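This document opens with one chain alone, in structure tokens, the form predicted alone.
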Amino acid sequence: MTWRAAALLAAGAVTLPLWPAPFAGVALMTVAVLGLTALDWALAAPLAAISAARDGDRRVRLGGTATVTLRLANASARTLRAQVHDDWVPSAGARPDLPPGRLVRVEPGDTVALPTRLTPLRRGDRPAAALTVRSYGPLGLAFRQRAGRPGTPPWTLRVLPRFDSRRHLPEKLSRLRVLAGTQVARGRGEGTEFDALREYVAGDDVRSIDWRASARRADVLVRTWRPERDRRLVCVLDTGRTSAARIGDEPRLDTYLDAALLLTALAARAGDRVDLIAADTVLRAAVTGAGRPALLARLVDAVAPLQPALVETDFGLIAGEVLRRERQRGLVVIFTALEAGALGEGLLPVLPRLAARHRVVVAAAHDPVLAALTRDPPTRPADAYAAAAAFRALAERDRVRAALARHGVTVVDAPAAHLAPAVADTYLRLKALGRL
């Protein structure tokens, strides 16, 4: 029953003083209202004849807006007058175009489209939660209702990483073209593979002059070199407890994802093969470099649902996966935190075995709040304790960095906002030196 049935009964109660037998009047009015309500319920469109389906966007980048349309089809012989509540998980940021409480009218055999705009607040998979359809009778006194998951058409919106570091890609690609010798510029990388001969220009290294070719041409010619292509690059994402720490408004894992995407886009354009492994105590995701033109799209789709796990990362598992998958020497970039407990007991014991076959880079994002605590003089006892903790954390990070350097590991330690370009610069520098 709806509020209209109660209002109808209340309106009849106003006339009770006019009845010779008030109790009989109450009984008669109640029976009349219940009869009308039952009739109205019977005339409401049956929910068994109402079907629902969805169409629209399946993927959207974090910060973007997607549209998913719910289509209600009325296969009954009665007009459907319904309130529809399409419920999504809160982090999906659902905003239906239909105002709450407004009735939807669907004629027999017809279909109505109800779009919902989704602006997700978090990365990952965001499913539709429950669909509630309330079918009213023509008098609005009663309704039939179907609610819950059994009647909900399934739909999952995958929210992809934001990839803010994409803005650095044009500048990195320009440096890559200079490195590859496709542009004439000072500071060209040496590389290790001979490319071609060209005329000497001011600023060229005199050690690159080919004296025999210059004598034959009666002009000064220099050799140009290009970096190796088809090298192996493995991005390893630590999805353990250290990746759950928040830096600013995002977990550290999102910073790793952003840096890994920029590195993948750059290496794929350089002609290198890129693989990705995400793991903590188990393997969470694995993407190989096969099908290079679609590599970035496949990688973005694979890492989108990754979430940090509150467990200690098993670096033995990670090292075993890398050594099993990569037989040839390559570059392994491990995105993790420079924490003495996690690395000292996990990564350092397996590092000699990994560094013996591959060149290893450890990329870590640190919180700029730590540095700020050590710069500002404490004014309260609580500030002094916080500053002491920050000094200790920075000292432990320096010790971990020194321990990694003793094993020949390149360490990239940068603020979260600068980690992605710093890792890309390290890749370009190693490629220019022919150390991949």
Partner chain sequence: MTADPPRPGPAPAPAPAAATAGPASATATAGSTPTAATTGPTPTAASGGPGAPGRANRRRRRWHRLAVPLGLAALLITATLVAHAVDQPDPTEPGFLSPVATDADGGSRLAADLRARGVAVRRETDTARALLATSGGAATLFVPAPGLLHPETVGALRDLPGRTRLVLVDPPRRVLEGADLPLVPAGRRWAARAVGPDADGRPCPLPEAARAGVAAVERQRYAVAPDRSTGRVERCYAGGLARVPQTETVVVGASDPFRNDRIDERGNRELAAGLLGRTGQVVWLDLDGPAPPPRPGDGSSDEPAWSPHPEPGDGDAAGDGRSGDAGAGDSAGSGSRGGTGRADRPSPPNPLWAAFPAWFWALLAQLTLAALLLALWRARRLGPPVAEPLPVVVRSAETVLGRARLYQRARARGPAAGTLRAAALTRLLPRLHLPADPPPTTVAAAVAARAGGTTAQAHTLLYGDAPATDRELLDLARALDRLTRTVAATPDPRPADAGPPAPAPADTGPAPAVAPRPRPAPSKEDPR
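Residue numbers count along the first chain shown, from 1. What you see is a predicted model, and the numbers here were worked out from it, not measured in a lab. Just so we're on the same page, rigid core means the largest C-alpha set that superposes within 1.5 Å between forms.
The form predicted in complex with its partner chain exists for this protein as well; it is not shown, and the discussion that follows is about that form.
This chain appears without its partner; in the predicted complex, the one residue of Gly56, Gly408, Gly64, Pro46 with a heavy atom within 4.5 Å of its partner chain is Gly408.
Here the chain stands alone, but in the predicted complex its contact with its partner chain, taken as any heavy atom within 4.5 Å, falls in 79-87 among 79-87, 162-170, 312-320, 108-116. Contact check for Gly248: a heavy atom falls within 4.5 Å of its partner chain in the predicted complex. Although the partner is absent here, Leu70 is not a contact residue: none of its heavy atoms lies within 4.5 angstroms of its partner chain in the predicted complex. Within 4.5 Å of any heavy atom of its partner chain in the predicted complex lies no heavy atom of Gly35.
Heavy atoms of Phe143 reach within 4.5 Å of its partner chain in the predicted complex, making it an interface residue.
Shown without its partner, the chain has Arg122, Arg126, Ala129, Ala130, Thr132 in segment 118-132 as residues with a non-hydrogen atom within 4.5 angstroms of its partner chain in the predicted complex.
Once both forms are fitted on their core, the CA shift for Pro415 between this form and the one not shown remains under 2 Å.
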